[in-house]
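First, one chain by itself in structure tokens, the form predicted on its own.
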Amino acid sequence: MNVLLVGGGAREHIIGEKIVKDNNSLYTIMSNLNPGLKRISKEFLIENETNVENIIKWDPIKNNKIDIAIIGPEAPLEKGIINQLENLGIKCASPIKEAAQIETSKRFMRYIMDKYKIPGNVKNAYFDDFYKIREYIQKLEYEFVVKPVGLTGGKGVKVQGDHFKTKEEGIKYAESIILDGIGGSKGVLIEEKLVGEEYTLQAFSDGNKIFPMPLVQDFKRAFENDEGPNTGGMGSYSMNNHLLPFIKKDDYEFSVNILGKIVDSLKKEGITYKGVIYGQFMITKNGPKVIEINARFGDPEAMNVLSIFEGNFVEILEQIADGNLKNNFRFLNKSTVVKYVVPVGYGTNPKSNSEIIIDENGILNNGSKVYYGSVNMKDGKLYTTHSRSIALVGIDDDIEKAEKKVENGLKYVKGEIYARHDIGRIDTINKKVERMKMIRG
């Protein structure tokens, strides 16, 4: 089959790898020249991934070559790329614009959870008037979170106690979101602050049912010990039992139930959700709570689950598009660790257009895999952009061995770059386990 993939990061690199595995042809649209995707694509187009009008004019799309499409990042979903492709008769395994609102509008997500009384919700209030924000926040008796309603690439949310200290600082940030239109919308959500450990649950949805994937824990903060600014994600890990050491089986099942209820609730709204849906949760002393819902694979979390996926991936995409998903795939009982190599300054002022030297064979020979992120190729050389550069993935029965494979591989990447070395380490995981014991009492 001829499969269209939109996106040029490491998440898309592993999706593309799964697509071509069963003798399918890959057609890729990316804003940067990703060498990994270039290598496996039959044809590719360098184009802004949100420029839908130009995308649908690309010859393979225009000439009816594409059988099915999947979208990596969220921004093209917000622009309605799936609606346009479906109008051209192309099957799609990603959500239409209306369904993708579950991610692209945090207000819509909370509205659905409030309306249908979906468990795991938090106290929240929406504002587009900064006078009312001040009045509301000053009366709060608990710490709070300030969220732009629109998309900010995982970098717009600020939490009291982590990113700002006082109510006044939170008010000023909320006001700036409205005045400056941060996230592309002059609206802001104020939510109660949750205390616990975050985790990711991804699932396939055909609009009627969902099939969950292994749990993953992502590391958002730029520096070790969870310090520094928020990022798109510095790395992640998953365990061989598909749970996490601080998540019980009933917490997992409760989280799966929440995602299922969201898909069902959207259907009641007249919206069929097809594609990957992913919940960013926090386990608290009162059980799982929803931080946000996303309308695609996570990045880096896609690499944790797809690296241990066994099945015909394109067949799964077809079943999603047809609304008839079958349980004819599985995830190996392996542990995985992902660590991103990023440009110096990533999270605040990343140094772009800096050369990276990589020895792929050295990485592979030391037991880990390479997925190219937001990089550019010029005259056969590799350069950083403003975002995450290269992801290394280690897979093993044992989490410690998986983590060591990645660490050994990182020695073969040179340049003005850095990585978080604490991701997936046993001491890091044990700290989180002990923290949750204290929180749960």
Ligand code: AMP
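When you see a residue number, it is the position in the sequence shown, counting from 1. What you see is a predicted model, and the numbers here were worked out from it, not measured in a lab.
Not pictured, yet referred to below: the form predicted together with adenosine monophosphate.
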Task: Heavy atom distance at most 4.5 Å to adenosine monophosphate in the predicted complex, all of Val145, Lys220 and Asn230 - done: yes
- [ ] Flag Lys267 as yes or no: does it have a non-hydrogen atom within 4.5 angstroms of any non-hydrogen atom of adenosine monophosphate in the predicted complex?
- [x] no
Task: Distance check, Glu192 to adenosine monophosphate in the predicted complex, heavy atom within 4.5 Å - done: yes
TODO: Mark Val157 yes when one of its heavy atoms lies within 4.5 Å of a heavy atom of adenosine monophosphate in the predicted complex, and no otherwise.
DONE: yes
TODO: State yes or no: in the predicted complex, is some non-hydrogen atom of Asp206 no more than 4.5 angstroms from a non-hydrogen atom of adenosine monophosphate?
DONE: no
Task: Interface stretch in the predicted complex with adenosine monophosphate - options 287-295, 79-87, 179-187, 361-369, non-hydrogen atom within 4.5 Å - done: 287-295
Open item on the list: Can you work out which of Ile247, Ile308, Met282, Ile271 has a heavy atom no more than 4.5 Å from adenosine monophosphate in the predicted complex?
Closed with: Met282
Task: Contact assignment for adenosine monophosphate in the predicted complex, among Asp114, Glu198, Glu169, Asp128, heavy atom within 4.5 Å - done: Glu198
Task: Residues of 98-132 having any heavy atom within 4.5 Å of adenosine monophosphate in the predicted complex, listed in sequence order - done: Lys106
